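Starting off, we have a lone chain in the form predicted on its own, written out as structure tokens.
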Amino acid sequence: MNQSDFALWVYLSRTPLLWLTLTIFVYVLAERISAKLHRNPLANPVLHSVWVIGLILAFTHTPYRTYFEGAQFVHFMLGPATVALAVPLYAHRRTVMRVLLPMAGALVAGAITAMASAVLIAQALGVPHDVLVSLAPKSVTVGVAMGIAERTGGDPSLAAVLVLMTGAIGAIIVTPLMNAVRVRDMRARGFALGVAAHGIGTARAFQVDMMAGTFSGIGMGLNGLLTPILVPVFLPLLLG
């Protein structure tokens, strides 16, 4: 790269539109590859977009703050996208109302299991205390998890990374796992995925089946309400 090329890159790297365009381009490319591979769980477009953009930022020595200033419109759109989950919920409202009681039981069991299993396994492996605290809210959305971690003495940035890893892993393993345990009901599959793997899991559920996506969105939303209540109560007990 000669001096003029470097000067052009420095100018473009400070332009917000560059990082927004890059983010959209990488995701669209990953989405098309996923479609070509018939939505194979390993071809999750969110997962592959994250590591590709991460490599670009590392290669160009671009600080995350600079990237976020350009791509924050995508972050802003998370709000409307979450609200839009109400559309399929309304369309399937009668189906949802018929299974409110089983969903309530599954929600409580799933939220406690997601938190307790992660903390206890990590504790047995000798993971430091601040990491354990950051790990507890791993199954809710990033914003909620960061707030919980901050209030309970954890690291909000680490909590965000753990949430993304949880969502990506959940989206990858959900189909083979549910097939292995012979869970065929798309309502149950979707709700379990939403409780365990939040937004990334919900996006995967909508790719598989509209009913699964609807119940996944419900699970994600309800777990986001319940986990901030459960963590301050159960985390001290889990940490002994």
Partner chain sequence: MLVSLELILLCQLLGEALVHALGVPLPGPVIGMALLLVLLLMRDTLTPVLPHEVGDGTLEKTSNGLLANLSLMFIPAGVGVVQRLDLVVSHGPAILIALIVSTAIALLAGVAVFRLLARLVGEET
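Residue numbers count along the first chain shown, from 1. If you're wondering where the values come from, they're calculated on a predicted model, not measured in any experiment.
Below, we refer to the form predicted in complex with the partner chain, which is not included among the displayed structures.
Contact annotation: of the candidates L57, A35, M210, L29, the single residue with a non-hydrogen atom within 4.5 angstroms of the partner chain in the model of the complex is L57.
Residue contact with the partner chain in the model of the complex: V183 places a heavy atom within 4.5 Å of it. The partner chain is not shown here, but in the model of the complex it comes within 4.5 Å of a heavy atom of P80. Interface membership of L164, defined by any non-hydrogen atom within 4.5 Å of the partner chain in the model of the complex, is confirmed. Within this chain, I229 lines the site of the partner chain in the model of the complex, having a heavy atom no more than 4.5 Å away. Along 53 to 73, residues I53, G54, L57, Y64, Y67, F68, A71 each place a heavy atom within 4.5 Å of the partner chain in the model of the complex.
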